[in-house]
Ligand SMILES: NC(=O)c1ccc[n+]([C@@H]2O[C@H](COP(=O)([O-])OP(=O)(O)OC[C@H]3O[C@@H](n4cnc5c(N)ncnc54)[C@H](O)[C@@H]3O)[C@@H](O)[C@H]2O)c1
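First comes one chain, alone, set out as structure tokens in the form predicted alone.
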Amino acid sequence: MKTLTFKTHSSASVKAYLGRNMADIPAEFPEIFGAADQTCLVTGTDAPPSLRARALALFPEGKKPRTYFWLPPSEKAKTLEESGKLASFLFKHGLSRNSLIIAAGGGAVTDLAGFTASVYMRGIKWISVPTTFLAQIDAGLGGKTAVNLGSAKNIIGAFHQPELAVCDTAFLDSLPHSELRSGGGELAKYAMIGPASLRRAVEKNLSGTLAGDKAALTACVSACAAYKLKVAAADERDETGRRETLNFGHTAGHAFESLSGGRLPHGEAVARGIRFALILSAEKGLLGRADLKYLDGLVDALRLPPAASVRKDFRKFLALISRDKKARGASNRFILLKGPGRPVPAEDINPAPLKKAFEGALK
């Protein structure tokens, strides 16, 4: 097991506990759980029995009161309405500013529960327990919490660091190949924007990870989570530009999700968004042909299925990227690459290269 702790500029502590087959987290971190008057465990209604059993092994019931709240499956949970239902549930059961929310699930669960924790009684403590591969390396870490506004992803949100993020790779044992491939989209992102050491770790373990190898999964979770937390701590509120690099592939990826009506899994959408960003980087003269071929090979290694669910509507795509919260008032804004580990922002790009990247990403 490994505990990582970083201090943010706001003096908040960013802490994560990484490993496999953990047990009794409250005993490991009495300074966090000892002060809580009661806890609420939040997870999804689609959580399999194995996930619930693992969550209870991590957080066994003690003498203090424990309540349970069930969210709708997947992105359906990420609405203001569901956040209001959770807040009403917390109030009804007497949770106070000394209480603790434990969010166990994929990125939708940690986003919704973390956002509700940020606004309930002007902010209460919470624990992030990402249970999918994608959430353990990205979505469940860093303190960005949000809900969707219609088809626009993560428009209403807050920065609210969890007291602790618990990444137990035993949660990943029963995931189907499609879920691992979806998480692989974020894995490829880290390999492209991160330092050479992280890129080597991802390349070494990529095939094993996609095959469900336990050691490879644990190695990738540890490496990517450590990098994400380091970046999030250095630029907690996305003010200096460093944290923005984590958006690589996401602007186009979110648009592809919307164009699919939510049928394209997030990780696969990000992988398509990465391919879009690579092509656009080459079209803008930032990325050389050799680097394009090398980095695009990492996307090929994910063996993405055809993007049949995505509408090939370029005009709608332009509208979606212009409304993306990361556009910052520009007509569009992307993170592109000048080479491996060299992300750069670019904005107000003309439609012609955008269309070429759009078509290439959805082949």
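Note that this is a predicted model, so its numbers are computed, not measured. One-based numbering along the sequence shown.
What comes next is about the form predicted together with the ligand, which does not appear here.
S.K.: Here the chain is shown alone; which of Glu163, Glu82, Glu75, Glu236 has a heavy atom within 4.5 Å of the ligand in the predicted complex?
M.R.: The residue from Glu163, Glu82, Glu75, Glu236 that makes the contact is Glu75.
S.K.: Tell me, out of Thr209, Ser281, Asn247, Thr132, which residue has a non-hydrogen atom within 4.5 angstroms of the ligand in the predicted complex.
M.R.: Looking at Thr209, Ser281, Asn247, Thr132 one by one, just Thr132 meets the 4.5 Å heavy-atom criterion.
S.K.: Since only the chain is shown here, I'm wondering whether His266 would be in contact with the ligand in the predicted complex (any heavy atom pair within 4.5 Å).
M.R.: Because a heavy atom of His266 falls inside 4.5 Å of the ligand in the predicted complex, the answer is yes.
S.K.: How about Ser118: is it within 4.5 Å of the ligand in the predicted complex, going by heavy atoms?
M.R.: Answer no; every heavy atom of Ser118 is more than 4.5 Å from the ligand in the predicted complex.
S.K.: Taking the shortest heavy atom distance, is Gly273 within 4.5 Å of the ligand in the predicted complex?
M.R.: Although the ligand is absent here, Gly273 would stay clear of it in the predicted complex, with no heavy atoms inside 4.5 Å.
S.K.: Would Ala191 show up as a contact with the ligand in the predicted complex if we use heavy atoms at 4.5 Å?
M.R.: No, Ala191 is distant from the partner.
S.K.: Can we say Pro48, Ala108 and Asp138 each have a non-hydrogen atom within 4.5 Å of the ligand in the predicted complex?
M.R.: Every listed residue reaches the ligand in the predicted complex, so yes.
S.K.: Please determine, with the chain shown alone, which of 287 to 295, 108 to 116, 86 to 94, 191 to 199 has non-hydrogen atoms within 4.5 Å of the ligand in the predicted complex.
M.R.: Only one stretch qualifies here: 108 to 116.
S.K.: At 4.5 Å, heavy atom to heavy atom, what parts of 153 to 171 sit next to the ligand in the predicted complex? List them in sequence order, or say none.
M.R.: The stretch 153 to 171, when checked against the ligand in the predicted complex, contributes Lys153, Asn154, Phe171 at the 4.5 Å heavy-atom cut-off.
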